[in-house]
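This document opens with one chain alone, in structure tokens, the form predicted alone.
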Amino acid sequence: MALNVTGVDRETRESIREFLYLESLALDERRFRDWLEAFADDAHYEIPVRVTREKLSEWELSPTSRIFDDTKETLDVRVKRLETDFAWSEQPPSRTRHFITNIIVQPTEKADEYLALSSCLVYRSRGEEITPSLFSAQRRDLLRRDGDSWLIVHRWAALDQAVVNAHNMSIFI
């Protein structure tokens, strides 16, 4: 990627940045229904498995294995489960803080869709555990204009660690 400033106007960039901050706030406040509404009906949410390989390998992210590979429908199932007393991996519930930085907005071939590249750090603590979990990821969000707001059409997040340093991965990135 060349270091050229893209042709996205300031208003669009700021609107997308604000949207991503509000979407993260919904997750941190466990407003999962609000968060789910931020996804388009045809949305895809995926987190590939990182694989440690030899130098100069063609890929570090598995082309076929995923930690998450969801549609809006399967995300809805995950949210419904979190709303029950049977989401054991979230008892007690995680306290999360999403830090979204380095947001770069790029145009796509469709006039109403933009690609937002960002860095994401998620701090997670649970119960009285002393050691929090940290998840660092590169995110690529394809966003579609929806009136005065945006919808996530595709979230792709690549964790920086090959081994997840948590008991489970029951939170959203």
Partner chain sequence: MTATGTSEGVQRMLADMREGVLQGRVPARIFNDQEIFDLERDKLFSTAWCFLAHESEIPKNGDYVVRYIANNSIIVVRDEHGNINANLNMCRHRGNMMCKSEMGNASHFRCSYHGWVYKNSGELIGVPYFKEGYEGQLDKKQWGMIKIRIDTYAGLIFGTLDPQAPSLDEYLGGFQFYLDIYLRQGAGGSEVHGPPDHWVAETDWKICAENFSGDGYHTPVAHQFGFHLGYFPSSGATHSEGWAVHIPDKGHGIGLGHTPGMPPFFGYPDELVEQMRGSLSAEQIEVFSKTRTAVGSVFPNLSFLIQPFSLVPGEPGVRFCTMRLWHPIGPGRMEMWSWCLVPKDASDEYKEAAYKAYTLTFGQAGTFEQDDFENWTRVTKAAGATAVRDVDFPYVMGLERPRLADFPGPGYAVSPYVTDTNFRNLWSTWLDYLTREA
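A quick note: this is a predicted structure, and the numbers were derived from the prediction, not measured. Positions refer to the first chain, counted from 1.
We do not show the form predicted in complex with the partner chain, though everything after this point is about it.
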Original post:
Thinking of Asp42, Lys110 and Ser118 as one candidate spot, does the partner chain come within 4.5 Å of a heavy atom in every one of them in the predicted bound form?
Top reply: no
Subject >> Interface segment, criterion being heavy atoms within 4.5 Å of the partner chain in the predicted bound form, picked from 110-118, 33-41, 140-148, 62-70 >> reply: 62-70
Subject >> Glu29: touches the partner chain in the predicted bound form, heavy atom cutoff 4.5 angstroms >> reply: no
Subject >> Interface membership of Val51, the partner chain in the predicted bound form, 4.5 Å heavy atom rule >> reply: yes
**OP:** Report whether the minimum heavy atom distance between Leu25 and the partner chain in the predicted bound form is within 4.5 Å.
**Re:** no
Original post:
Is Thr6 a contact residue for the partner chain in the predicted bound form, using a 4.5 Å heavy atom cut-off?
Top reply: no
Subject >> Within 125-149, the residues that have a heavy atom no more than 4.5 Å from the partner chain in the predicted bound form >> reply: Arg126, Glu128, Glu129
